[in-house]
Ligand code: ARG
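The chain below stands alone and is given as structure tokens, in the form predicted on its own.
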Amino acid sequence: MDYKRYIAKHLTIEGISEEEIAEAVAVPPNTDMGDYALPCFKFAKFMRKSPVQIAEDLKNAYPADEVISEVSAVNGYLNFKVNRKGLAKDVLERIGREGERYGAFDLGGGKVICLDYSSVNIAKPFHIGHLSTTVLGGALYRIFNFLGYKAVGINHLGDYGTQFGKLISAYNRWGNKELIEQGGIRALNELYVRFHREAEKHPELEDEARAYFKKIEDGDKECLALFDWFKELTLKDVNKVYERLGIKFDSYAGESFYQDKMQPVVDELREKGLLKESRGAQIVDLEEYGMSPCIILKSDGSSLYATRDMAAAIYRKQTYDFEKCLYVVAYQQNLHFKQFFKVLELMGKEWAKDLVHVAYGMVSLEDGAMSTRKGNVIFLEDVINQCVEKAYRIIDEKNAALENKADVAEKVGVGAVVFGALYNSKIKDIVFSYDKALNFDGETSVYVQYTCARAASVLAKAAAAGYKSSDEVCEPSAQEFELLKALASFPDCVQAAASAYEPSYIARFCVDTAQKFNKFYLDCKILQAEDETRAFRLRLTQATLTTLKNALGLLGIAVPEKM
């Protein structure tokens, strides 16, 4: 049952729709007074009554029934206590019926959500800085599909620019095909670093690099063959990481894909009188909107990110007819997105309002910053490997007899990396710590996975003893009721995460629900309880395991059966 909507249906507030009332109903932080609360302050002005009086009047008019057991008015809040047994029956039946689809909802009706995320650079390291965009985009991709949208994952590859001229220059001077094949992206990165080191002593190398890139643009067969080879080597390496992280894409159309689609954008801007010349460059003046000019073409006639991103946005609208197009890109690019969104709006693209920059903070390790040009980067693959190795050592210490330790360590280590990037609000900068991420007692995926393993163990022991759950529902204890309410909140949590583009809501739900289950586990006997109570508690344990698996699955985190 949707209790918020149920409450709203039984309230009449003149001038306020049932939908608006349902949205205003909240779960109070302290549930001593009630399980749900309606703050009446927002109604005071137009009703010309105090919030206290409004709450009192609504309380007196609310019809008593078997769903809401008690209604009270306290300091301008209308508080509701639900029938505990009724809630238990409703929640457990729904989870049992929907299983791995519990929390899903056909909110999207098949509408398309494009997600531009990860967007690795060809021939450059897939490093720790790519972690947030990759797992945040991957989580949103799963969440929107779960809610009935058709998510389209786009890896907008960085495969355009003078860095490829630099690589061709470096390869022709110092490269070895066999060693590059063996070394993959790391060997390519070494060439890139060496080019910059040598270019400091020989600046003419920069001119050579620009000339090589011009050859790529002009379709030189030899340069294009090298470029395609660099791309193939990069994708071969990064796809190994994507596979471990459970990340998928529907399109790898990168910057070079839009090379022949930029001129129509420039022509349209010119036709609509939006282009101006400034110091030889072609710009769109955005001063009246409080922004610096958006440069469309440099003085030498070459394009910029804005030109290519506008061409990409137009192509995506024409190809997918999206409801929203999300760009999961770090907050340092805030101005870039504001600028090209505004330019598309000025061009008369009414769908420009559906473009969303999902900004996030930076990820670093405890030992500091990185620079691709200088070569001091931390490969994401190395971070994952270290987490998995550390997880294996911890598991070996805690449970040496565990079967499939390597498989469990992979799930725990990868989960720790993903959860570490998703637990806090996306806009916060993150300093990744191996020790914190793999803490069995902290606010971590390991803690949630261990809780799932504990629940699975209880269920396995019950099955071995011949104990079964039952459709009968007992009057929940305080601990059982808190856990049931947490489980009941999951569908709302998923929808809120989608609305705010915040997978952290689901990550925090996981920790909160795991804490409530562990309190229930410690305070309430499960296998040792009387028959009826034991059957009810086994059903609650199964419902918790199902819900936590669903929640972790949306984040891209697997659940080991044993730990």
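Counting begins at 1, following the sequence as shown. For clarity, every value in this text was computed on a predicted model and none was experimentally measured.
The following text describes the form predicted together with the ligand, which does not appear among the structures shown.
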item	value
Contact residue in the predicted complex, from His156, Lys317, Lys485, Arg454 (heavy atom within 4.5 Å of the ligand)	His156
Position in contact with the ligand when the complex is considered in the predicted complex, options Ser119, Ser469, Ser256, Asn189, heavy atoms within 4.5 Å	Ser119
Interface segment, criterion being heavy atoms within 4.5 Å of the ligand in the predicted complex, picked from 75-83, 145-153, 304-312, 174-182	304-312
Contact test, all of Ser489, Tyr505 and Phe509, partner the ligand in the predicted complex, heavy atom 4.5 Å	no
Exercise: Val329 in contact with the ligand in the predicted complex, heavy atom 4.5 Å	yes
Residue contact check: Ser251 to the ligand in the predicted complex, 4.5 Å heavy atom	no
Exercise: Tyr450 in contact with the ligand in the predicted complex, heavy atom 4.5 Å	no
is_contact(Tyr212, the ligand) in the predicted complex, heavy atom dist at most 4.5 Å	no
Sequence-ordered list of residues in 326-343 near the ligand in the predicted complex, where near means a heavy atom within 4.5 Å	Tyr327, Val329, Gln333, His336, Phe337
